[in-house]
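Take a look at this one chain, the form predicted alone, written out in structure tokens.
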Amino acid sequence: MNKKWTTRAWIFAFLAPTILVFLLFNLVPIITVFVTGFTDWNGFSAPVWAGLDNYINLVSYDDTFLISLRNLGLWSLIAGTVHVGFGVLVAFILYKRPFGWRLVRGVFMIPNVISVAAWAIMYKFIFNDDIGVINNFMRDIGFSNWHVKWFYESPAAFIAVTLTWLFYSVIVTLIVLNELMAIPKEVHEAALLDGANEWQVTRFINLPLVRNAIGTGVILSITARIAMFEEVALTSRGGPGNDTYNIPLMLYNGIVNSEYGYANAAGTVMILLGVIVMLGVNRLFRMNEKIY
């Protein structure tokens, strides 16, 4: 066996476990979701072909689907700008290694090691009208009649759900910080020798060179909003009315009601939205182009 085939054999050997795991735990379930989304299936009996009925029910039952899409659009916009922007800002600050930067980096990661479900429950107490930090603070500073039922009033519920995740962008920070640290020092030295100041180095060198990392952060943040479940289900439960409803909640309700075909139709929509986001952000950030 020549060297070329030996190399290919080793590559295949290392990739085989990953490919096997992907086929068993990702590809097969995805195909199942796509196929059963076109069936009437209660999860126990054999699926019965139903054509587009589940998708028609999903879209036309009431305005829940449109409200869910509107909420997803707003949350995606906030995630792609404020959420990612905050993570990038923290990364650039940590990159300068100010005093205590290691401590800040460690503290910033703490929310990420707490389960999303536990985090959502904590926020139910934080926004509680009687014992919550927010309302008591407002009453303490003089707004004695401040009684906002955050998860049960409109539009406070949307704001409260958004605040449960808005500033926890440690993944974005770590990705961008890692990319910043990979920039060759020679690039910065050459710019400084040419008379560039710190702001110009940041604006015209660092920021463009971490373009792919920021794009990755946008993809992760928006797709996380597409799949966001605990933050809604354990706080506002989609209310008041349908104000904070989203597609994962529709999927969950389909499963609870043993309408697996309907639930998988919702799952298919989520997958397609994720693919659209990935392709769009890839194109927007030109992530397939070489930077160096």
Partner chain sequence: MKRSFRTLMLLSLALMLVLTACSSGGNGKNEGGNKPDKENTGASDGKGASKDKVTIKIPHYKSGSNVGAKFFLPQVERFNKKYEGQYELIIEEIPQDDYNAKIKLLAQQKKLPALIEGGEKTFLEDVVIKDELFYDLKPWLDSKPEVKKLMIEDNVAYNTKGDKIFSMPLITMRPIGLYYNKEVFEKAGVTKPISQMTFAEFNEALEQIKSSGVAPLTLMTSENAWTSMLLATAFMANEPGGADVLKSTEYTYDYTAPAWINTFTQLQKWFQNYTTDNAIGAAYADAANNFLNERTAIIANGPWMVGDFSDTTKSAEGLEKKIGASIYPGGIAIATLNEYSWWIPKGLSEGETQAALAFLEFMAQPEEQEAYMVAEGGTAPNLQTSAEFESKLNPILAELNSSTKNDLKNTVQAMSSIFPNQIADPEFGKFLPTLINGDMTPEQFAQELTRKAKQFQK
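Rigid core: the largest C-alpha set superposing within 1.5 Å between the two forms. Model, not experiment: these values are computed from the prediction. Numbering follows the first chain given and starts at 1.
This protein has a second form, the form predicted together with the partner chain, left out of what is shown; the following refers to that one.
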Problem set entry | in the model of the complex, Asp53 touching the partner chain (heavy atom, 4.5 Å) | no
Exercise. Is there a heavy atom of Pro47 lying 4.5 Å or less from a heavy atom of the partner chain in the model of the complex?
Worked result: no
Exercise. Does at least one non-hydrogen atom of Tyr152 fall within 4.5 angstroms of the partner chain in the model of the complex?
Worked result: yes
For this session: Report whether the minimum heavy atom distance between Arg286 and the partner chain in the model of the complex is within 4.5 Å.
Result: no
Exercise. 123-131, 199-207, 75-83, 182-190: which one contacts the partner chain in the model of the complex at 4.5 Å, heavy atom to heavy atom?
Worked result: 123-131
Seminar exercise, completed: When the partner chain is considered in the model of the complex, the residues of 55-81 having a heavy atom within 4.5 Å of it are Asn57, Tyr61, Asp62, Thr64
Problem set entry | Exceeds or equals 2 Å, Cα of Ile276 between the shown form and the other one, core fit | no
For this session: Could you tell me whether the Cα atom of Phe22 shifts by at least 2 Å between the shown form and the other one after core superposition?
Result: no
Exercise. If we fit on the core, is the Cα of Arg8 displaced 2 Å or more between the shown form and the other one?
Worked result: yes
